[in-house]
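Only one chain comes next, encoded as structure tokens, the form predicted alone.
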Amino acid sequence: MAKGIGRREFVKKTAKIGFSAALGGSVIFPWLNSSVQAYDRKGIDIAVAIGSDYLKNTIKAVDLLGGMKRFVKKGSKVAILPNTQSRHPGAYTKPEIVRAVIRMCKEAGAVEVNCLSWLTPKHWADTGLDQAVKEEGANLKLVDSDDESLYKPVPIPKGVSLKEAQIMKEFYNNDVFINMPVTKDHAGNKFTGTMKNLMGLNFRRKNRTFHKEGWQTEQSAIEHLDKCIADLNTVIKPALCVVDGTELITTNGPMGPGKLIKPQKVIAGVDRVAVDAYCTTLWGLDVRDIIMINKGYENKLGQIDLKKTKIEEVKV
């Protein structure tokens, strides 16, 4: 049975945040020169499906938002970005979740579903994601992480720490972008989610400039990493985010192995800031400590105050 998440729970977790501005209208950023679509928020802001069947969870979470046809139109080419960074449990997006998204996209009328990555075939094989992609009839498009000619320079007009991104050109051959991270611990800023996952589209050598010396321990270096991620997010907006919160590492991230917890949740939403703020609650982080999310809020990318969002949780 569907139920609204207890407001008192989130009041306790977010009462000290003190932020109040709401997210404005959807934007397709003109400097991207891209056809990748973005959508306004409607109805439920954060949909959460809970249970041991992760494929069914994913379908239910997207259905709560209005179904995949809200995001994927007939004839669309869809780019999806799962996290396949490490084979350790709780460190990669589950194959069942990827299967569900591909299946829903095809049912909505997508003519192509393309998994994008600059990681190696071994990363995809080790996690079982390559098999899921193949069996569901999607394309695995691996872009050479060392060939700069395969990446498009993209200026970041609002960038503070990052003035230019280098986004894989293959990304721009799609109409719709679905972001599919696993939320987990990170050695530097303590949190990986929707915003950080976009580094998977950016040229790997460019990503290395995000990491200054001391990025795991020095506050200024951690802030630089988070600011770069927030800057990157100002020029790419997913149509939809589907987050694996089923099993996640809370230590030794992002690669693991680490302490594993199993909330058994799939989280879906359009608002990256709100979704990431929700995901911090899965293992008791204080959203005020995650600079990246706060910078995303300051950049008007979304709503950080969960009291101002509509959250629906369903047991599947």
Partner chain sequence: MARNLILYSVLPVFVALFLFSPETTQASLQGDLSRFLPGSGEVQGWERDGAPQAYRGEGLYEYINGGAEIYHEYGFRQVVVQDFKRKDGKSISVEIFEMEDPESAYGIFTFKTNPEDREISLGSDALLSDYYLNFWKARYLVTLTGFDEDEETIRGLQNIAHSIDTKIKADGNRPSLVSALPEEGLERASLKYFEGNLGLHNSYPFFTEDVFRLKEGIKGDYKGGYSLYIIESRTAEKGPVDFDDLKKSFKASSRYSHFRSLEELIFRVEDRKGKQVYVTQSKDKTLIVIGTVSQERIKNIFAGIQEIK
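Every value quoted in this text rests on a predicted model; they were computed, and no experiment measured them. Residue numbers count along the first chain shown, from 1.
Keep in mind that the form predicted in complex with its partner chain is missing from the display, and what follows is about it.
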- prompt: Among 98 to 106, 205 to 213, 132 to 140, 172 to 180, which stretch has residues with heavy atoms no more than 4.5 Å from its partner chain in the model of the complex?
  reply: 205 to 213
Its partner chain contact in the model of the complex: Q85, any heavy atom under 4.5 Å: yes
message: Can you tell me if P263 lies within 4.5 angstroms of its partner chain in the model of the complex, counting non-hydrogen atoms only?
response: no
query: Is G188 close enough to touch its partner chain in the model of the complex, meaning at least one heavy atom pair within 4.5 Å?
result: yes
task: Determine whether any heavy atom of L65 comes within 4.5 Å of a heavy atom of its partner chain in the model of the complex, and answer yes or no.
output: no
- line: The one residue among L282, I44, M255, I50 placing a heavy atom within 4.5 Å of its partner chain in the model of the complex is M255
- line: Across 90 to 122, the residues having a non-hydrogen atom within 4.5 Å of its partner chain in the model of the complex turn out to be W118, K122
